[in-house]
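What follows is a single chain, given as structure tokens, in the form predicted alone.
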Amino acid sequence: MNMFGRIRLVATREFLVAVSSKGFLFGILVMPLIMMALIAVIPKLLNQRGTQVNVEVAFIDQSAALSSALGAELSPAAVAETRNAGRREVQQMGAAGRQVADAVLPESVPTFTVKNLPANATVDSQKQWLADGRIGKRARRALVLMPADAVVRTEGAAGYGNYRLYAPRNLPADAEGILHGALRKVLTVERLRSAGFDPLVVKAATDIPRSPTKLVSPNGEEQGAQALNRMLPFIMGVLLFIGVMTGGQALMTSTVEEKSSRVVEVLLAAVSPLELMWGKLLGQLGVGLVGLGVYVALGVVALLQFAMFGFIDPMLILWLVVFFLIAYLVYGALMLAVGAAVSQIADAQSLMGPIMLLLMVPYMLTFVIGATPDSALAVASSFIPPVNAFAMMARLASSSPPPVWQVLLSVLAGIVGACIAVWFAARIFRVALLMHGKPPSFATMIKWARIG
């Protein structure tokens, strides 16, 4: 059997051992399947009509101007209209907006009963009433204190007095939000009216619906998804990180385990150290590609679920695979070198620190680079291995993709960096694979690379 046949056998063994483990099956296959199910089911679950909540609101109106207005604003018809207005605004984002509206704005809304208290009532006198609205009762309670200067400013005062809302811990978040919105609305209307302005005229002048952003593409004009555009560079960084860690971490772990259990000595009786290294590197590369493919498929399903797949350039997936191969060869080779140099997993921690730093820094910078893809930092990072894979993917996924010559130059720089990393790992692998004892330092590993 020739060298390539032996490398293929080692790679096949490495791949099958990794993908058949329970940890891989759960982490790479089961978890994404659960996430896909949640993506499909959660919007439908959130849209189910829940238990109707009744909220009793005690209102101390020291301004003597808002009692009837608050009751009208919290009527079932007014609350439903406010909820529908919010739903229409979210739905302006298109199909994705309709999905979001269904998820975050369920059909059931709280009902409110306003009880007006005397203006001289105190909060302390109502605390026991609030405390009686305990968890387990369908009726929730809240108390609003409106100061005397909430509508008309006190002479010489710089601003208005503000209301205070008191509630027990079981007041639902949506009911609290509706209460705050109603209080702000009635305060605004009465303050305008007391100042001599017509609230209807002011509302007509200031109520400007948000127009959906349009993306102009070579194929025409289509509704934009700006939130997705802003997050896409970071998503590309996450996918690269998951792919590299899935294959690279397993590569180091399997090498250490085989070395500590003396299995590597049996393997070296059949293959050379270089063949073993390439077999392991390519086998775990397949594992990383499987992990990357699963998460890319999960992302595609999510985009299809929210009718947003049309906003993604299919070439991004191709470039993701290219730069994943480059990043994996760099980081995977370094992790393989660490695994060959130590005999215990615990000994690898100190050597893994600098490698993880090299991996984490570009991963964390993807959001910054994606936001400013034409900055000096972004452009320079695109040509410096091993960070160039993350930097270039962030720029490709940004709103201002780089020119093709920069992408190709980044690929070339990445290939050069990968060749250097694999050469370094091969020298370490040949020298350190059969060594046992005290783990080496980086200075010692560099010395081994010189003599390997």
Partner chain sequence: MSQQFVGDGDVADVLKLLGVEKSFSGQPAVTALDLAVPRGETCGLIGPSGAGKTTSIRIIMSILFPDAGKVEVLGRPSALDAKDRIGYLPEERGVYRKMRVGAFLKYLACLKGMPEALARSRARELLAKLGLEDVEKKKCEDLSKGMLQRVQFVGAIVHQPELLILDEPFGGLDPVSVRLLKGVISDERRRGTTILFSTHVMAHAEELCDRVVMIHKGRKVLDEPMSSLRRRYDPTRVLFEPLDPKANLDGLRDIAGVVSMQVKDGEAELQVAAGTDPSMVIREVAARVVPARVEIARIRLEDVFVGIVRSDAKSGESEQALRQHLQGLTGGAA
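Numbering follows the first chain given and starts at 1. These numbers were taken from a predicted model, which means no experiment stands behind them.
Heads up, the form predicted in complex with the partner chain isn't pictured, but that's what we're talking about next.
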| item | value |
| --- | --- |
| Leu117, His180 and Arg184 all contacting the partner chain in the model of the complex, non-hydrogen atom within 4.5 Å | no |
| Candidate from Leu318, Ala148, Val263, Ala195 lying within 4.5 Å of the partner chain in the model of the complex - any heavy atom | Val263 |
| Contact assignment for the partner chain in the model of the complex, among Ala173, Ala77, Ala158, Ala269, heavy atom within 4.5 Å | Ala269 |
| Segment assignment from 159-167, 289-297, 255-263, 333-341: heavy atom within 4.5 Å of the partner chain in the model of the complex | 255-263 |
| 4.5 angstroms heavy atom contact with the partner chain in the model of the complex for Val10 | yes |
| Touches the partner chain in the model of the complex: Leu434 (any heavy atom, 4.5 Å) | yes |
